[in-house]
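In the form predicted alone, a lone chain appears below as structure tokens.
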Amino acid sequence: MAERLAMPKSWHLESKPHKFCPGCGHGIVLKILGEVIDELEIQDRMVFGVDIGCSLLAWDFFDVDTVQTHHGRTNPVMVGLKRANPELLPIAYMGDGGGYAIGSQHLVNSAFRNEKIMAIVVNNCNYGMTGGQMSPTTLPGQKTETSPYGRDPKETGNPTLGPEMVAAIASPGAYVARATVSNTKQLKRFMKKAVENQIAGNGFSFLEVISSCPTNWRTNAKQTWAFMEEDMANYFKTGELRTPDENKEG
């Protein structure tokens, strides 16, 4: 009889198996987050906010208070909850479209104001929910439904480097990092630090996670892993970009 691995206690078990496509990285990110919630014992204080897009499929992922927001508005909703009740630990969860396109102004201003919330942007280089169109993080030369000949930076600019932008404008006390689902030990370490930074009340906590989207990339397992660990990792460097004590690690 196969051994059944334990799920995080903070998961909503009735919603499993989850709703994401096979091979999608969202499930890995959310499992790591669930483990961190359990270890830090914050389930009763956490509020989970999900954006429109693939992230909305996490609306019933956790057994915590959850709110689904309008597209790009997850950060300000979490800010409002935190200001109304500072004891809450709001976590805004979105894709690269919600974080860097329609929601970019909210991300920038949350960082400027050093809002004491946590934001997670899952970066898979495309608009996954709507068929794989070009997003702010689509790589140069990458083919999508709206860039069939490959993204041309001369026409559409370069991919957004979210953590670099946030790190440049954030106030002291902020935590900013980028991790990848292909290195779960690093991902969990950074995830835990980001949550702990919010618990400590230091400032804005921001984590980008490089993720996979084999459905829209039209890749097999080997190609998916290669694109994520080579093409994406070469452009989106993982590591800590800003910490409250400025002690960074790769």
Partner chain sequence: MTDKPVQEEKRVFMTGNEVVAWAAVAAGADIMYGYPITPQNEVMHYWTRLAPKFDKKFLQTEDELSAGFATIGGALAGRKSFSATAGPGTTLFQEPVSMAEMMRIPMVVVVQQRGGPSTATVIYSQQEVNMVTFGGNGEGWRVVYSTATHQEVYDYTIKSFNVAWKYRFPVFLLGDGYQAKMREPVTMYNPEDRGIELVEAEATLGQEGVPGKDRPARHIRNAYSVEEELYEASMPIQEEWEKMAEEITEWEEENIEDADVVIISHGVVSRAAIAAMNRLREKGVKVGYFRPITLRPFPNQQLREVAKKCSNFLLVESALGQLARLVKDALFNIPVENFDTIYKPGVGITAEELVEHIQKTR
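Residue numbers count along the first chain shown, from 1. Note that the structure is a prediction, hence the values are computed from the model and not measured.
Here the subject shifts to the form predicted in complex with the partner chain, a form of this protein not shown in this document.
Although the partner is absent here, residue 143 is not a contact residue: none of its heavy atoms lies within 4.5 angstroms of the partner chain in the predicted complex. Of the heavy atoms in residue 115, some are within 4.5 Å of the partner chain in the predicted complex.
Looking at residue 76, you'd find a heavy atom of it within 4.5 angstroms of the partner chain in the predicted complex. The partner chain in the predicted complex is not approached by residue 178, whose heavy atoms all lie more than 4.5 angstroms from it. Checking 101, 161, 88, 167 against the partner chain in the predicted complex, a heavy atom within 4.5 Å turns up for just one residue: 88.
Interface residue among 171, 105, 156, 130, judged by heavy atoms within 4.5 Å of the partner chain in the predicted complex: 105. Stretch 61-69 is the answer when you ask which of 61-69, 26-34, 178-186, 213-221 has residues with heavy atoms within 4.5 Å of the partner chain in the predicted complex.
Contacts to the partner chain in the predicted complex (heavy atom within 4.5 Å) from stretch 33-51: 43, 44, 47.
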